[in-house]
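One chain is shown next in C-alpha coordinates, namely the form predicted on its own.
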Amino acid sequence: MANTSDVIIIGGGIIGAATGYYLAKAGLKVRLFERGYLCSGSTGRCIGGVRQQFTSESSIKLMMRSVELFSEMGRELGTEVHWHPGGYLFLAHDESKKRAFLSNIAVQQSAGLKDVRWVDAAEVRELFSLVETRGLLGGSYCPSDGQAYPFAVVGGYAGKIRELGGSVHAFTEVAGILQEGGRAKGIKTAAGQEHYSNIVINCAGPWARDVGRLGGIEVPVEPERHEALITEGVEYLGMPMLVDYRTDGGYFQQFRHNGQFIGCYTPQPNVPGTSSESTYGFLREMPRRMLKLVPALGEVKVIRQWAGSYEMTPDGNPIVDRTGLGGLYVVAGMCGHGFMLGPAVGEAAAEFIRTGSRGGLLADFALERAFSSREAMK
(Lines give C-alpha, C1' and ligand atoms only; values in the text may rest on other atoms or scores of the structure.)
Protein backbone atom coordinates (compact mmCIF):
# COMPACT_ATOMS: atom_id res chain seq x y z
CA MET A 1 0.00 0.00 0.00
CA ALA A 2 1.20 3.50 -0.82
CA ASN A 3 0.67 4.71 2.73
CA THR A 4 2.70 1.94 4.37
CA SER A 5 6.02 2.37 6.16
CA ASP A 6 8.17 0.50 8.66
CA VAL A 7 7.82 3.13 11.37
CA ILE A 8 5.48 6.03 12.12
CA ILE A 9 6.68 8.72 14.51
CA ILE A 10 4.34 11.24 16.12
CA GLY A 11 6.16 14.45 17.02
CA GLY A 12 8.58 16.66 15.08
CA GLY A 13 10.88 17.90 17.82
CA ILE A 14 14.36 16.66 18.70
CA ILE A 15 13.18 13.31 20.11
CA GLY A 16 11.05 12.36 17.12
CA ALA A 17 13.59 13.62 14.61
CA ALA A 18 16.58 11.92 16.26
CA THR A 19 14.75 8.62 16.77
CA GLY A 20 13.55 8.75 13.18
CA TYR A 21 17.02 9.45 11.85
CA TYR A 22 18.65 6.53 13.63
CA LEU A 23 15.89 4.17 12.52
CA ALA A 24 16.21 5.41 8.94
CA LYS A 25 19.99 5.07 9.14
CA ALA A 26 19.43 1.42 10.10
CA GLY A 27 17.45 0.90 6.89
CA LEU A 28 13.85 1.36 8.03
CA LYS A 29 11.36 3.46 6.10
CA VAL A 30 10.24 6.23 8.46
CA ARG A 31 7.27 8.57 8.34
CA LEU A 32 7.30 11.45 10.83
CA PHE A 33 4.16 13.47 11.59
CA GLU A 34 4.12 16.90 13.25
CA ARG A 35 0.92 18.88 13.75
CA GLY A 36 2.73 22.22 13.38
CA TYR A 37 6.09 23.11 11.88
CA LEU A 38 9.19 21.18 12.90
CA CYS A 39 10.37 22.43 16.32
CA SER A 40 7.04 24.13 17.01
CA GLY A 41 6.73 22.44 20.41
CA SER A 42 9.26 22.31 23.23
CA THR A 43 12.40 21.99 21.12
CA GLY A 44 12.02 25.30 19.31
CA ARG A 45 11.40 27.06 22.62
CA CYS A 46 14.38 25.72 24.59
CA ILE A 47 17.61 27.64 25.25
CA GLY A 48 20.00 25.23 23.51
CA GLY A 49 22.12 24.06 26.45
CA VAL A 50 23.77 20.64 26.49
CA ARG A 51 25.13 19.31 29.79
CA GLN A 52 26.37 16.06 31.26
CA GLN A 53 25.99 17.12 34.90
CA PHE A 54 23.16 14.94 36.22
CA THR A 55 22.82 12.80 39.35
CA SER A 56 21.77 9.41 37.93
CA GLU A 57 24.32 7.20 36.20
CA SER A 58 21.93 6.50 33.30
CA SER A 59 21.42 10.19 32.54
CA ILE A 60 25.12 11.02 32.91
CA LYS A 61 26.15 8.29 30.50
CA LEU A 62 23.38 9.16 28.05
CA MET A 63 24.54 12.77 28.09
CA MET A 64 28.16 11.81 27.63
CA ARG A 65 27.04 9.97 24.50
CA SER A 66 24.93 12.96 23.44
CA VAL A 67 27.96 15.24 23.68
CA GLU A 68 29.89 12.81 21.48
CA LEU A 69 27.06 12.88 18.94
CA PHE A 70 26.74 16.68 19.04
CA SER A 71 30.48 17.03 18.44
CA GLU A 72 30.21 14.82 15.32
CA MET A 73 26.85 16.14 14.16
CA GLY A 74 27.92 18.74 11.63
CA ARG A 75 29.84 16.10 9.70
CA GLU A 76 27.21 13.39 10.26
CA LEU A 77 24.27 15.48 9.06
CA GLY A 78 26.14 17.62 6.55
CA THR A 79 24.91 20.88 8.09
CA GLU A 80 26.14 23.45 10.60
CA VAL A 81 24.45 22.90 13.98
CA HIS A 82 26.61 25.45 15.89
CA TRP A 83 27.93 22.98 18.44
CA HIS A 84 30.29 24.70 20.89
CA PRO A 85 31.70 23.14 24.09
CA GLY A 86 31.47 26.34 26.13
CA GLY A 87 30.86 24.62 29.47
CA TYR A 88 28.30 24.75 32.29
CA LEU A 89 28.91 26.34 35.70
CA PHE A 90 26.47 25.50 38.51
CA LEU A 91 26.85 28.15 41.22
CA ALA A 92 26.85 27.50 44.98
CA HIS A 93 26.12 30.40 47.33
CA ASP A 94 25.66 28.35 50.50
CA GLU A 95 27.28 25.37 52.18
CA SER A 96 24.38 22.98 51.56
CA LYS A 97 24.54 23.59 47.82
CA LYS A 98 28.32 23.19 47.88
CA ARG A 99 28.01 19.83 49.65
CA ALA A 100 25.37 18.71 47.16
CA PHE A 101 27.53 19.67 44.19
CA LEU A 102 30.60 17.94 45.64
CA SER A 103 28.53 14.79 46.12
CA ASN A 104 27.18 15.07 42.58
CA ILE A 105 30.68 15.56 41.17
CA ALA A 106 31.80 12.30 42.80
CA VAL A 107 28.88 10.46 41.16
CA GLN A 108 29.59 12.10 37.80
CA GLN A 109 33.29 11.30 37.88
CA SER A 110 32.61 7.69 38.86
CA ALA A 111 30.27 7.44 35.87
CA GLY A 112 33.12 8.49 33.60
CA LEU A 113 32.70 12.27 33.37
CA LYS A 114 36.31 13.03 34.21
CA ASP A 115 36.51 16.74 33.42
CA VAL A 116 33.80 17.90 35.84
CA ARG A 117 35.28 19.56 38.94
CA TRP A 118 34.69 21.94 41.80
CA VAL A 119 35.99 25.49 41.26
CA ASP A 120 36.15 27.93 44.16
CA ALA A 121 35.17 31.59 43.90
CA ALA A 122 38.76 32.70 43.23
CA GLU A 123 39.03 30.32 40.26
CA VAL A 124 35.66 31.47 38.96
CA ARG A 125 37.02 35.05 38.98
CA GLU A 126 40.15 33.88 37.19
CA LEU A 127 38.28 31.89 34.54
CA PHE A 128 35.29 34.21 34.02
CA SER A 129 36.11 37.69 35.27
CA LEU A 130 32.68 39.17 34.43
CA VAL A 131 30.80 36.83 36.78
CA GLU A 132 29.84 38.44 40.10
CA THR A 133 31.44 36.40 42.90
CA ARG A 134 30.31 38.27 46.03
CA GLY A 135 28.75 35.66 48.30
CA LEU A 136 29.81 32.85 45.96
CA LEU A 137 31.49 29.77 47.44
CA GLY A 138 32.25 28.22 44.07
CA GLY A 139 30.61 25.92 41.58
CA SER A 140 30.43 22.67 39.70
CA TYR A 141 32.15 23.24 36.36
CA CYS A 142 32.31 20.98 33.32
CA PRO A 143 34.08 22.54 30.32
CA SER A 144 32.93 19.83 27.86
CA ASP A 145 29.26 20.75 28.33
CA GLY A 146 28.06 23.07 25.61
CA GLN A 147 25.42 24.43 23.28
CA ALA A 148 23.89 23.86 19.85
CA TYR A 149 21.15 25.46 17.76
CA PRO A 150 17.87 23.50 18.04
CA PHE A 151 16.34 24.44 14.68
CA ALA A 152 19.51 23.46 12.82
CA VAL A 153 19.77 20.13 14.63
CA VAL A 154 16.16 19.10 13.99
CA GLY A 155 16.32 20.37 10.42
CA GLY A 156 19.45 18.30 9.86
CA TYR A 157 17.85 15.13 11.20
CA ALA A 158 14.68 15.69 9.15
CA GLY A 159 16.71 16.25 6.01
CA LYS A 160 18.51 12.97 6.53
CA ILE A 161 15.24 11.08 7.12
CA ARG A 162 14.09 12.29 3.69
CA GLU A 163 17.47 11.54 2.12
CA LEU A 164 17.29 7.97 3.46
CA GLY A 165 13.91 7.35 1.85
CA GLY A 166 11.54 8.47 4.59
CA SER A 167 9.10 11.36 4.72
CA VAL A 168 8.29 14.26 7.06
CA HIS A 169 4.71 15.51 7.26
CA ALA A 170 4.50 18.94 8.90
CA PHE A 171 1.14 20.57 9.70
CA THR A 172 -0.40 17.08 9.85
CA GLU A 173 -2.15 16.30 13.12
CA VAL A 174 -2.55 12.69 14.22
CA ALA A 175 -6.12 12.16 15.46
CA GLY A 176 -6.18 8.41 15.99
CA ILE A 177 -4.07 5.28 16.33
CA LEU A 178 -5.28 2.39 14.18
CA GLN A 179 -5.51 -0.95 15.98
CA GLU A 180 -6.13 -4.56 15.15
CA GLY A 181 -5.86 -7.62 17.37
CA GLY A 182 -4.33 -5.72 20.28
CA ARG A 183 -1.65 -4.10 18.14
CA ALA A 184 -1.04 -0.68 16.63
CA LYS A 185 -1.44 -0.77 12.85
CA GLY A 186 -0.88 2.88 11.96
CA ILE A 187 -2.42 6.31 12.43
CA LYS A 188 -5.29 8.41 11.16
CA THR A 189 -4.77 12.11 10.58
CA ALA A 190 -7.21 14.88 11.45
CA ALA A 191 -7.85 15.20 7.70
CA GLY A 192 -8.97 11.55 7.57
CA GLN A 193 -5.93 10.00 5.87
CA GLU A 194 -4.75 6.63 7.10
CA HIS A 195 -1.08 5.62 7.22
CA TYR A 196 -0.09 2.06 8.06
CA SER A 197 2.79 0.67 10.08
CA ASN A 198 3.32 -2.04 12.70
CA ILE A 199 5.45 0.36 14.76
CA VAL A 200 4.11 3.69 16.04
CA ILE A 201 6.25 5.86 18.32
CA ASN A 202 4.82 8.52 20.60
CA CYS A 203 7.38 11.36 20.66
CA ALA A 204 4.81 14.06 21.31
CA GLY A 205 6.56 15.77 24.22
CA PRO A 206 4.12 17.78 26.37
CA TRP A 207 1.26 16.14 24.46
CA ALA A 208 2.51 12.57 25.04
CA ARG A 209 -0.36 11.82 27.43
CA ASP A 210 -2.93 12.92 24.83
CA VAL A 211 -1.31 10.82 22.10
CA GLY A 212 -1.05 7.82 24.43
CA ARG A 213 -4.77 8.00 25.09
CA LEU A 214 -5.41 7.69 21.33
CA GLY A 215 -4.14 4.14 21.79
CA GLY A 216 -5.77 3.57 25.18
CA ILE A 217 -2.46 3.99 27.04
CA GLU A 218 -1.82 6.25 30.03
CA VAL A 219 1.52 8.05 29.79
CA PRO A 220 2.44 9.91 33.02
CA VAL A 221 3.68 13.11 31.41
CA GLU A 222 2.37 16.51 32.45
CA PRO A 223 3.14 19.77 30.64
CA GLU A 224 4.65 22.60 32.66
CA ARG A 225 4.89 26.15 31.29
CA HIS A 226 8.23 28.00 31.25
CA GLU A 227 9.28 31.32 29.75
CA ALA A 228 12.50 32.44 28.08
CA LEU A 229 14.04 35.49 26.43
CA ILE A 230 16.81 36.36 24.02
CA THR A 231 18.90 39.50 23.57
CA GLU A 232 20.52 41.29 20.69
CA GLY A 233 23.86 39.90 19.56
CA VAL A 234 27.00 41.37 21.13
CA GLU A 235 30.68 40.46 21.26
CA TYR A 236 31.19 36.89 22.47
CA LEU A 237 32.34 37.00 26.09
CA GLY A 238 33.48 33.39 26.57
CA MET A 239 31.36 32.55 29.60
CA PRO A 240 29.78 29.14 30.23
CA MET A 241 26.11 28.52 30.83
CA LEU A 242 25.51 29.98 34.30
CA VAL A 243 23.06 28.06 36.50
CA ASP A 244 21.91 29.70 39.75
CA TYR A 245 19.51 27.56 41.79
CA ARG A 246 18.67 30.28 44.32
CA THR A 247 15.01 31.28 44.55
CA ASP A 248 15.82 34.45 42.63
CA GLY A 249 18.29 32.76 40.27
CA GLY A 250 18.11 31.65 36.66
CA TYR A 251 20.02 30.01 33.80
CA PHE A 252 21.50 31.75 30.79
CA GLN A 253 24.23 31.48 28.19
CA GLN A 254 25.56 33.32 25.17
CA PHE A 255 25.46 31.68 21.75
CA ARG A 256 28.90 31.76 20.22
CA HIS A 257 27.64 31.84 16.63
CA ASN A 258 25.60 35.05 16.94
CA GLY A 259 26.47 36.62 20.30
CA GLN A 260 22.91 36.52 21.66
CA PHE A 261 22.21 35.78 25.32
CA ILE A 262 19.34 33.38 25.96
CA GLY A 263 17.92 32.43 29.33
CA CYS A 264 15.08 31.38 31.60
CA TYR A 265 14.21 30.53 35.18
CA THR A 266 11.88 28.03 36.81
CA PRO A 267 8.71 29.74 38.08
CA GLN A 268 7.62 29.22 41.66
CA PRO A 269 5.06 27.82 42.00
CA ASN A 270 5.22 25.76 38.82
CA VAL A 271 2.70 26.63 36.10
CA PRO A 272 0.95 23.59 34.58
CA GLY A 273 -0.26 23.47 30.99
CA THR A 274 0.79 24.15 27.41
CA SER A 275 0.00 27.85 27.16
CA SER A 276 2.58 29.77 25.12
CA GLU A 277 1.48 33.12 26.51
CA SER A 278 4.37 35.25 27.77
CA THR A 279 4.20 37.69 30.67
CA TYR A 280 5.50 41.12 31.56
CA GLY A 281 6.51 39.78 34.97
CA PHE A 282 9.07 37.45 33.38
CA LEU A 283 10.31 40.20 31.05
CA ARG A 284 10.91 42.44 34.05
CA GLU A 285 12.41 39.75 36.29
CA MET A 286 14.74 37.73 34.05
CA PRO A 287 17.06 40.63 33.08
CA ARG A 288 17.38 41.54 36.77
CA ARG A 289 18.52 38.00 37.55
CA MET A 290 21.02 38.07 34.69
CA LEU A 291 22.48 41.41 35.80
CA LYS A 292 22.88 40.13 39.35
CA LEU A 293 25.35 37.54 37.99
CA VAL A 294 26.90 39.52 35.11
CA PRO A 295 26.52 43.29 35.73
CA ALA A 296 28.37 44.07 32.49
CA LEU A 297 25.24 43.10 30.52
CA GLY A 298 23.43 46.27 31.60
CA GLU A 299 23.38 47.85 28.12
CA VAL A 300 22.41 44.67 26.24
CA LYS A 301 18.88 44.86 24.83
CA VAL A 302 16.24 42.15 25.10
CA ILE A 303 14.64 41.62 21.69
CA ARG A 304 12.15 38.78 22.19
CA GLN A 305 10.46 36.59 24.79
CA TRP A 306 8.28 33.48 24.56
CA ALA A 307 6.89 30.55 26.53
CA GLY A 308 6.83 26.81 26.03
CA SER A 309 6.33 23.60 27.98
CA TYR A 310 8.55 21.14 29.76
CA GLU A 311 7.24 17.56 29.66
CA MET A 312 7.40 16.38 33.27
CA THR A 313 7.34 12.85 34.69
CA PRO A 314 6.83 12.17 38.40
CA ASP A 315 10.55 11.50 39.02
CA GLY A 316 12.18 13.92 36.57
CA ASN A 317 13.50 11.13 34.32
CA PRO A 318 12.43 10.17 30.76
CA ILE A 319 10.20 7.35 29.59
CA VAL A 320 11.54 5.13 26.80
CA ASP A 321 9.57 1.91 26.53
CA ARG A 322 7.04 -0.25 24.72
CA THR A 323 3.44 0.04 25.87
CA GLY A 324 0.59 -2.38 26.54
CA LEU A 325 -0.58 -1.91 22.95
CA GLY A 326 1.65 -4.02 20.74
CA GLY A 327 3.80 -1.99 18.39
CA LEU A 328 3.16 1.31 20.24
CA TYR A 329 6.21 2.85 21.90
CA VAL A 330 6.68 5.98 23.97
CA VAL A 331 9.81 8.13 23.95
CA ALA A 332 8.89 11.20 25.96
CA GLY A 333 8.98 12.89 29.36
CA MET A 334 12.38 14.54 29.02
CA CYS A 335 11.61 17.01 31.84
CA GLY A 336 13.15 20.07 30.22
CA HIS A 337 16.23 18.20 28.98
CA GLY A 338 14.91 16.92 25.67
CA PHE A 339 17.21 18.88 23.40
CA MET A 340 20.36 17.83 25.20
CA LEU A 341 19.24 14.20 25.65
CA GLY A 342 17.80 13.97 22.14
CA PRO A 343 20.69 12.54 20.12
CA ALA A 344 21.59 9.80 22.61
CA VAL A 345 17.97 8.99 23.49
CA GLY A 346 17.10 8.82 19.80
CA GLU A 347 20.01 6.49 19.09
CA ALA A 348 19.27 4.24 22.09
CA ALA A 349 15.50 4.21 21.44
CA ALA A 350 16.07 3.24 17.81
CA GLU A 351 18.27 0.33 18.90
CA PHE A 352 15.67 -0.79 21.46
CA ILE A 353 12.83 -0.61 18.93
CA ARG A 354 14.81 -2.55 16.34
CA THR A 355 16.23 -5.26 18.61
CA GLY A 356 14.00 -5.37 21.70
CA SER A 357 17.04 -4.96 23.95
CA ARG A 358 16.81 -2.01 26.35
CA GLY A 359 20.52 -1.92 27.18
CA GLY A 360 22.00 -0.28 30.26
CA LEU A 361 21.36 3.31 29.21
CA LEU A 362 17.57 2.87 29.20
CA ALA A 363 17.30 0.64 32.26
CA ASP A 364 15.83 3.37 34.49
CA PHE A 365 13.30 4.68 31.96
CA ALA A 366 10.55 2.06 31.93
CA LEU A 367 6.94 3.17 31.49
CA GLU A 368 5.80 1.02 34.42
CA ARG A 369 8.13 2.00 37.26
CA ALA A 370 7.90 3.27 40.81
CA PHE A 371 8.99 6.85 39.92
CA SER A 372 10.73 6.97 43.30
CA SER A 373 14.27 8.15 42.44
CA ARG A 374 14.30 11.84 41.57
CA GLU A 375 16.80 13.73 39.41
CA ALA A 376 18.30 16.48 41.60
CA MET A 377 20.03 18.61 38.94
CA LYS A 378 16.91 19.86 37.18
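The numbering used is simple: start at 1 and walk along the sequence shown. Predicted model only: the values in this text are computed from it and were never measured.
There is another form of this protein, the form predicted together with a small molecule, and it is not shown here; the text below is about that form.
TODO: Indicate whether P318 is a 4.5 Å heavy atom neighbour of the small molecule in the predicted bound form.
DONE: Taking the distances in the predicted bound form, the answer for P318 is no, it never comes within 4.5 Å of the small molecule.
Open item on the list: Is it the case that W83, even though its partner is missing from this view, gets within 4.5 Å of the small molecule in the predicted bound form, heavy atoms only?
Closed with: Judged by the heavy-atom cut-off of 4.5 Å, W83 is well away from the small molecule in the predicted bound form.
Task: in the predicted bound form, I47 touching the small molecule (heavy atom, 4.5 Å) - done: So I47 counts as contacting the small molecule.
Open item on the list: Check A184 for me: does it contact the small molecule in the predicted bound form (non-hydrogen atoms, 4.5 angstroms)?
Closed with: Output for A184 is no: heavy atoms all beyond 4.5 Å of the small molecule.
Open item on the list: Only one of these stretches, 74 to 82, 295 to 303, 128 to 136, 201 to 209, has heavy atoms within 4.5 Å of the small molecule in the predicted bound form; which one is it?
Closed with: Of the options given, it is 201 to 209.
Task: Single option in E194, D115, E173, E123 placed near the small molecule in the predicted bound form, where near means a heavy atom within 4.5 Å - done: Looking at the other structure, the residue within range turns out to be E173.
Open item on the list: Can you work out which of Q53, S58, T313, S309 has a heavy atom no more than 4.5 Å from the small molecule in the predicted bound form?
Closed with: Looking at the other structure, the residue within range turns out to be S309.
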